[in-house]
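Next up: a single chain in structure tokens, the form predicted alone.
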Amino acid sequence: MEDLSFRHPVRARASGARRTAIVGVVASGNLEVLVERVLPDAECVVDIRTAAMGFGEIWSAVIGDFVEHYSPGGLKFSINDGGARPDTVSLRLAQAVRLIAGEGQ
């Protein structure tokens, strides 16, 4: 197992008032994302626990793109990864932001 953590400053607070949300499932080629509204509005943290070791640079690029696109201020993401591809990671993170904003239900 490898644990990774990324902290980013963001431009704006994520929309919505919901405190927590969870998307995905931990399975081969997939991941589970728990998102919590627990940080100051100008910060975002993504903690990752993955069985696929040695992909830190790819995770960094995917998380950087996600933060730039969504500006998820105030949110902490906890990811349990089962070897998901980068496009699946991006999809689950986007779903988590939409769900905590109150959309998609």
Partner chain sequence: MTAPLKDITPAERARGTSFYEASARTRLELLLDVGSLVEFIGPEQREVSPHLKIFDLPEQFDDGIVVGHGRLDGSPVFFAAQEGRFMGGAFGEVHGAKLTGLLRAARQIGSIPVLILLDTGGVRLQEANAGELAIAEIMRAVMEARAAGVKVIGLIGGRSGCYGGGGLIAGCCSALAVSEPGRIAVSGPEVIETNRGVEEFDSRDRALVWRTMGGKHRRLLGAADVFADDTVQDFREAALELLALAGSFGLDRLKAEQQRLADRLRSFGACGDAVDIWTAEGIADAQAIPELPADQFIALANRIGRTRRDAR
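Just so it is clear, the structure is predicted and the values come from calculations on it, not from any experiment. Residue numbers count along the first chain shown, from 1.
Not pictured, yet referred to below: the form predicted in complex with the partner chain.
Q: May I ask you to check whether Ser15 falls inside a 4.5 Å heavy atom distance of the partner chain in the predicted bound form?
A: No - in the predicted bound form, heavy atoms of Ser15 and the partner chain never come within 4.5 Å of each other.
Q: Is the gap between Ser60 and the partner chain in the predicted bound form 4.5 Å or less for some heavy atom pair?
A: Although the partner chain is absent here, Ser60 would stay clear of it in the predicted bound form, with no heavy atoms inside 4.5 Å.
Q: Given that the partner chain is not shown alongside this chain, does Asn80 nevertheless sit within 4.5 Å of it in the predicted bound form, heavy atom to heavy atom?
A: Answer yes; at least one heavy atom of Asn80 falls within 4.5 Å of the partner chain in the predicted bound form.
Q: Is there a heavy atom of Leu91 lying 4.5 Å or less from a heavy atom of the partner chain in the predicted bound form?
A: Leu91: no contact with the partner chain in the predicted bound form.
Q: Arg37, Asp65 and Ser71: each with a heavy atom within 4.5 Å of the partner chain in the predicted bound form?
A: No, the candidate spot makes no contact with the partner chain.
Q: Counting only heavy atoms, which residues in 1-22 are within 4.5 Å of the partner chain in the predicted bound form?
A: In sequence order, Met1, Thr20, Ile22 come within 4.5 Å of the partner.
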